[in-house]
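This document contains two forms of one protein chain, each encoded as structure tokens and listed individually as structure 1 and structure 2.
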Structure 1
């Protein structure tokens, strides 16, 4: 081959490498950006007056006088359309029977759509479920609901050779010629007056309990559950991990036994996470009976096993990296082996060990499979410390799964789902960034 060709191929080879790195970074961005963008929507959004009313009534947040004034103003704005509905109902009773039945059906549909948008109509009994007690609390959702008020969705099957087509029929046409005809233009024009959207920063998403299975409120039970599980896992795994690492680095001889121990610990790192979950169920719950059924304790123990190999490996590395000179100095000052390890080796290795601990805590916080059978439930109250011994808990990773696959209204709660994923990812990334920072500091320190 000619030299130019070779050079060109060399360049394109480098190009392929660059492309792979770019692909990786792009994949990361493509996955994280929608989560970050839409997740932020759980915290910062245009909130309607319904949101403020709900926050006041369910969570006691906000200025009562201000909210009631605003509610009154909104009610004032809504009155004309409710009056229109009342007038139409009166008109309805005067209609011929066939028309009346048809129109009554359409009216019921319309009223339901309106209830979704603005909350219960005047004269409705107060609903039991909080989600029906309030109109749309978020302006973006309200605009979607406005569509269902203005349009009726039907399917067009007129062409038998193709799949059905969705058609949006304006409800104004349904009510053509009645007193309700100007209703729709009016709603469309003045919906902002009726709902009064304002930019809201809902930081309490992190610390509010959820109401009516996440329709309202925040994700505190999940946060707390994740914190419990993570700290619990670290509590069991850290002492065992550090002790094992100390034994393997400082005490173990170079014999068969040590080799076997290392092999087993390595194998533990390769066990699929779902198998940890099954084992947790079969061993901690069914055999050891650490709790009646799922509990934070059982979940923590299971997660502890999962992160144990990581902690052992990180601690071993950190201990190995402690200069032998420190050990010699301590010994020459008359410290025994145990004393040397506790007073010199472990403190010097601590940043490295901490890095490993933080990374594995991030792992424990994000793992779902091990807690499915051992700790997680979909709905639950925040637990007290004592209850963690016997009670299951909601947890961020599990509830992300649950909310986007099993929740009955999963399409309406995308903002909560994205918010939850964002929080989970941020928690895990924050832990990892802390670890990276710590490691950078160590290497700076070692360089002097």
Structure 2
């Protein structure tokens, strides 16, 4: 082949490689940057006085004197609008029956919207659910709830050729000519004084337990459950994976049985993860009875089977990459085969083995399907080590999926959902970075 043609091909392949890298980085940026931006909202946001009051009452965090002073100031700012509501209720009794019924219905809708924004109104009984006990704890959500106070939603079906069109009608028009007409301008003007937003860094999102189905608090049970499942899967899969790889590379011959074993291992690596979940339910829970129902133990065993083929393959390739001279030198000095494997081959192959192990742990941490039937629940308390043998646990991947599909108030909890996704991505990224760092560190030590 001519030199010019080789140079042209080299440049073409190099250019294609750089283009591929650029496209991959761009794809990752498109996917990860929105997650990072919206997930950061779980940690950094403008918190209202309702948030500070909630943190003090539910979690015991904050300065009681300062929160009491802020609550009193917010109550003082709210008093004029509560007085307007009281005066209008008094006016209702003097209205004709038809007008009274119409206005009472409109007033009830307005009061419900105001409860969502500010919490219980004066005279209301103390609600049972924490979500009804407090107003909006985040300023961004408060502004959205303010819209429901100022406007009511209706639908325009005047055009029969098109679907209904949503129309936002100012509520002030519903109370025109009454003492409540200036109420809406007053609420809009006073909303900042009534909620007193301040920039907050909520690092306790990682360490607080959730309250009232993630309306308040953090994701500590989910984080702890993910850690339990990931470490548990590694505890079962790593010894079996390394032993299997040693057998296949050092003891098994190149016969049909060994070829069949490698084929089966490769096939297992391609089995859909939901199949492992169903197998874990049928075998570990229903047949082996490792627990009465879902448990961290059953989930860990299922995830161990999921990542076992990857660990075997990575360990096998790492062992095969050890130079034959290392083994020959050890055997020539009188070491037996087992001693040579333990003291020479495995330490030399450790960078590749660790890389496979940690990447497999990253996969186990992010899997949802295998733990649906074996380990995960939507809500729960943090488990002790002993409880992992018999109790299920919340987990980040499952709770992200569950919130997307089943939570009735997902629009109000997007920050929690994206916060979970961000934490899960960071956990997987940290495991991959750890794999790179360990591989480089051990390689340097082996080279001396």
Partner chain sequence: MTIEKVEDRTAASSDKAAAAGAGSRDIRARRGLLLSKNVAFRRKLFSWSSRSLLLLITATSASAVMFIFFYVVKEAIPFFLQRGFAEFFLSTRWYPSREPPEFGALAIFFGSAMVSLGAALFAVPVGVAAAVCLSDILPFKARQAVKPAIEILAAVPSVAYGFFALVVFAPLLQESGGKILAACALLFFVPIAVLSAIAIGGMAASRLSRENAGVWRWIIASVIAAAGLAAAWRISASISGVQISSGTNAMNVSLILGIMALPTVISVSEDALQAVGRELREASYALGATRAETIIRVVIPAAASGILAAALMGLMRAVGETMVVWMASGNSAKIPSPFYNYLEPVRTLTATIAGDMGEADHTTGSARYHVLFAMAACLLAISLTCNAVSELIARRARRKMAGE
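Positions refer to the first chain, counted from 1. Because the structure is predicted, anything quoted here is derived from the model rather than measured. The term rigid core refers to the maximal set of C-alpha atoms that superpose within 1.5 Å between the two forms.
- It is structure 1 that shows the chain in the form predicted together with its partner chain.
- Once you line up the core between the two structures, the Cα of residue 323 ends up 2 Å or more from where it was.
- Residue 385 is not among the residues whose C-alpha shifts by 2 Å or more between the two structures once the rigid core is aligned; its shift stays under 2 Å.
- Relative to the superposed rigid core, residue 201 undergoes a CA displacement smaller than 2 Å between the two structures.
- Core superposition places the C-alpha of residue 16 7.5 Å apart between the two structures.
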